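Structure 1 and structure 2 below are two forms of the same protein chain, each written out on its own as structure tokens.
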Structure 1
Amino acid sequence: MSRLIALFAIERDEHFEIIERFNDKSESKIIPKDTPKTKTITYEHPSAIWFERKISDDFGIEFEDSFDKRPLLRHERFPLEIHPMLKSFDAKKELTFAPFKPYKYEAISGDGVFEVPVGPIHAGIIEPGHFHFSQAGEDMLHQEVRHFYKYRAIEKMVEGKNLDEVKEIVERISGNETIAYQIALRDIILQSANQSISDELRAYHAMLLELERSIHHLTDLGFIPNDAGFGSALAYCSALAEEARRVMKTLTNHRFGFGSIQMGAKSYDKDEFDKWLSYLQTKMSKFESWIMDIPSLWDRFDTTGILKHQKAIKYDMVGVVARASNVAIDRRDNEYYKNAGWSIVTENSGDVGARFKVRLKELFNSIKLMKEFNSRCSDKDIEPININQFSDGRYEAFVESSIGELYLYIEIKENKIERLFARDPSFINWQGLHLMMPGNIIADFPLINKSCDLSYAGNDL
């Protein structure tokens, strides 16, 4: 069966168009404006649920036979008569709070079963989101993930702007995936301008993407053991993550690499960078032989928060989470990356331990890739190519971010953005998070959640 990547709507003069993007095809459905109704695909693709609820919120389109028609991004105090993505709705309109309308959470009822609401504000330095648990004592029976607290309306914000004007916004959709977003936008800019970049510049960008992935993986390799009570791993890895951020700053003049994917590049010290990579390799080899050998830690990791292979496929999961359940999908699976030394990393058990191991192995693979890309980079500054003409059309880009497959769609009309749709890998993976909970105790939820480390900002847009 095809894998669902994205499902989104566009308003045309006479009708709505719904685009169903699968891994192997893209289909377009026309829906009349006077009876905005269509059929759900949630029975075949459970991951369509949030997409459909979002479309209903954004455009007022109804998915008739759907079993879940609750609002998604329009929260308790959001005026429900408003469908913000309609062209007739002014993006800058000042919204006033409507009377509170309770949201009906998915919950299991029964003797002794109780509900535990958590969030939106959490106990640590974490992004806001809500988790709703149905508990029988310590055991999680069910969990609903509810998000969109960070909903900034980015899709609406960028409408009518040109591609140059939205660069800084797109790079701030999700801070820890900024390079991935910038590369996706770069690909779309290049397509629409019918231009290409030099091999050297491409290698430089690919290198930065692997550096971003390394920082993200390093952070998680520290935080995941920390959530299982093993703090020294966090001290070890967070120091390395800090050093990696400083390297990012040396290369791009920004600790996260905001504004770093340009059509030209400044030269940097290639030997220094290579030396640092060797240092990181040594440090992480040491880390590996240490961390893999701590039985009390693996006791917490193994069999915790299992996502079964079949479920991962059924829910169209992507990225690290999918690969840890032996679903071999990675957007780097192509000749370019294979030639540079990329190889797929998968694990079978689908538990916290598997997700941890995937990250660790991918980090080693990223170091190898960075070494190769570094050797392909230019010694001198790369003069920027000038791009200012964008042809109308529909453009797509895919990038493997540190979380998973990122999909960006931009339609340009008369040099302006007619529609931008971004599907962060988190949007898909959040919907499968609840599958990992049954059979686990609530105290392990933070550990399971951290092992997936999804973005809230990228999900909520």
Structure 2
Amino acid sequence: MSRLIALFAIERDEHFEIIERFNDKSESKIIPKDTPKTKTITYEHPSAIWFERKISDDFGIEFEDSFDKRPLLRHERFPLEIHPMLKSFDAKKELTFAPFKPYKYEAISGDGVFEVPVGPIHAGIIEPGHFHFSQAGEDMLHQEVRHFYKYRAIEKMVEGKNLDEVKEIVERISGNETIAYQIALRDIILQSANQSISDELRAYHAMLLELERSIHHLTDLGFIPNDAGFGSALAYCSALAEEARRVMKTLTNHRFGFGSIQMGAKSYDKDEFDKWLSYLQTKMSKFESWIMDIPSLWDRFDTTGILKHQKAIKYDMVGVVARASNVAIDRRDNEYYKNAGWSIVTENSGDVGARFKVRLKELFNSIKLMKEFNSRCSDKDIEPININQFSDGRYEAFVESSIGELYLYIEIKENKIERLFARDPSFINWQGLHLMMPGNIIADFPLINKSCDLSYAGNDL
């Protein structure tokens, strides 16, 4: 069965177009404006449900026979007749809030079953997200994730701009994946200009992507044990993650690498960077020996938050979450990365322990890749190529971010952006989080959630 990657709508002059992007094909459906309806595909692809609900909220298109027609982006008092992605939407027009209508959460009923709401405001310094549990004592029976509390209107914001004007917007979609989003935009810019970059610059960009991946894997390798009560791992890995952030700033002039993926690059101290990579490898080898030999920790990790292999496939999961359930999906699976030393990392058990192990192994692989890419980089400044003309057309890019497969679609019309659609890996993986809850107690939820490390911002465009 094909894997669903993205599902989104575009408004044309006379009709709507819905694009269904699968891993092996792309299909287009024409929807008349006078009867904006089409059939749901959620029975073949459950992960389509958020896409379809988003399209309904954005454009007013109905998906017939859908098992869930609740609003996704439109919260309790959102104006009823407003669909913000329509060309006719006027952001300057004063809106009238609708009467409050409670959101109907999914819940299990029965004797002794009760509901536990968590969020959207949390005790920790995190972004807003709501988690709704059905409980029988401490046991989790069901969970529903509800996000989209900070609709930023990014898709609308970029309409009518050219590709150069949206760089600072796209790279800030998700702080976890700044480099990944920049590389996706770079690929689309190169496609639209029919240009290419040098081998040295490509290696430099690939090196920064692996550095970004390493930073987030280091952070997770500390926080996952911390949520199991082992704070020493957090202290150890946080120190290394902070050092890695400073290395990122040394290379790019920013701790998150904003503005770093350009059509040229400044030289840097390659020997110093290689020494730091060797130091990081030594430190993480010690960490591996230490962390893998703590039975009480692995008693919490093993068999907690299991995502079965078939469920991961059915729900089109990506990234570490998929690979920990033995689904071998990674956008780096190509000759360029293989020749640099990349190899797929998978685990079979699909639990917290598996997701931890995948991150640890991938970190060592990223260090190996960075060493190779560093050796391919230039010792001198790379002069930028000049790109100022973009051909009209439809373009798409795929990048394996630290969370998983990222998809970016941009359509250019008269040298301006007609439509931008970004599918963050978290938009897919958040939908599969509930599959990991049954059979666990509610105290394990933070541990399971952290083991997936999903982006709120990347999810809430």
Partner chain sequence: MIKFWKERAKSKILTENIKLEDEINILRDELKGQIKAKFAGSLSIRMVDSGSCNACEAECNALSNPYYDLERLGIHFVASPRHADVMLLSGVLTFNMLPHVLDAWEQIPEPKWCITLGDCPAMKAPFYQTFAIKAPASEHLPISYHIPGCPPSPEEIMKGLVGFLRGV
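Only residues modelled in both forms are compared. C-alpha atoms forming the largest set that superposes within 1.5 Å between two forms make up the rigid core. Owing to the predicted nature of the structure, the values given are computational and were not obtained by experimental measurement. Quick note, the numbers are simply positions in structure 1, starting from 1.
> Compare the two displayed forms of this chain and pick out the form predicted in complex with its partner chain.
The chain shown first - structure 1 - is the form that fits the description.
> In sequence order, what stretches of at least three consecutive residues shift by 2 Å or more at the Cα level between structure 1 and structure 2, with the rigid core held as reference?
After core superposition, the one displaced run is 90 to 99.
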